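A single chain, nothing else alongside it, follows as structure tokens in the form predicted alone.
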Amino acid sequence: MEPLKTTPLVDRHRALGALMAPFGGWDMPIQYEGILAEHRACREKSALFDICHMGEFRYEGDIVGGGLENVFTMSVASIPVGRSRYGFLLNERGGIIDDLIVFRLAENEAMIVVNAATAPNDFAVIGSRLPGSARFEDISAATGKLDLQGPLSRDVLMSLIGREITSLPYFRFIETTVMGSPAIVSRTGYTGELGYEIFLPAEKTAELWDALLAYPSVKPAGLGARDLLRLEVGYSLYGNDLDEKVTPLEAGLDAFVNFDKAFVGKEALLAQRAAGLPRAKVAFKVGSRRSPRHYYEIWSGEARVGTVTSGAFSPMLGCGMGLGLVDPASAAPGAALTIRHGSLVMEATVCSLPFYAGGSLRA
């Protein structure tokens, strides 16, 4: 077994008393003070996440005609400079190799941000689909990434970076200077709150981490709180809700697939759409405070109809919540479901997403 990789902040995490655990091949902080306290900090003030484990690739070449457009489900060529877009890297069967965000840095430059566990395979797959004329580089090791999320995140960053941050719209970014180093600051995140993702040289990450934690309104938060926050707003998580056997159509994410252009996996998606989906994404609330878990069974009456892909107790709802893949006939809002795991039985009701819509995301 290969040793776990560590981020530049591993000593900081241990000094803060973080509970560390393996995640995607990395030794990562799961929680510091506690998942619920860190969740509350993000919903009410601001929370700081070490996301250095994620992967970043840089592309330099002809974005419009150089083959990049065929790699992803979204149109990269139509992303204006200074904006970013969410989409998928698919296999030939339409299964999701990864979900990712592409940043259009310049007319002929882009940065691709991918999940940690899938980064090596992503780099190999994308590289294999590009012609030799483009420059495609894995810059993950040289890049640090901190996420500051929460309704007070703008105030904190404004005092550190400047007022240019105040006019940054959702899914746009700026290339600026942070603590004397070049950085990309994007108005993105995965919590449902106003927030920013900061990319900077890896060797500067600890300095920025310390500076941000000096603000009384900022608390460190681990992957446990991050998972709870993303589930409350209904975002899918790769490895739980998405994998190479799930298509964007089954995952209810067809809004991020541009069928007006060519891309690897398109024909498989068109065939699946024509034949009818064999299963569909479902969101449900549990009629108690119990937490459904990944791989619990989903039943409708006396028939098993699917599997839970993500589940947790929601502090904002005061009940259990979950996502799953089910027989499409069982996914109608208001339908009654039963979640089962051995002798454990939970009654649930299908609902619409997001579970929690009161965040500051669009502030």
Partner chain sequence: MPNTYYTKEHEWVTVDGTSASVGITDFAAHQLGDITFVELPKVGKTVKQFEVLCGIESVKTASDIYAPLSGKVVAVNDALNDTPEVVNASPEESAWMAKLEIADASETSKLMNRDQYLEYLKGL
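Numbering follows the first chain given and starts at 1. If you're wondering where the values come from, they're calculated on a predicted model, not measured in any experiment.
If you look for the form predicted in complex with the partner chain, you will not find it shown, but the lines that follow are about it.
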Q: Can you check 247-255, 229-237, 283-291, 186-194 and let me know which stretch has heavy atoms within 4.5 Å of the partner chain in the model of the complex?
A: 283-291
Q) Among the candidate residues Ala329, Ala336, Leu36, Val64, which is the single one with a non-hydrogen atom no more than 4.5 Å from the partner chain in the model of the complex? A) Leu36
Q.
Can you pick out, from Val350, Leu19, Leu353, Val10, the residue that has a heavy atom within 4.5 Å of the partner chain in the model of the complex?
A. Leu19
Q) Does the partner chain get within 4.5 angstroms of any non-hydrogen atom of Trp299 in the model of the complex? A) no
(Q) Can you work out whether Phe313 and the partner chain are in contact in the model of the complex, taking contact to mean some heavy atom pair no more than 4.5 Å apart? (A) yes
(Q) Even though the partner isn't displayed, in the model of the complex is Thr309 close enough to the partner chain, meaning a heavy atom within 4.5 Å? (A) no
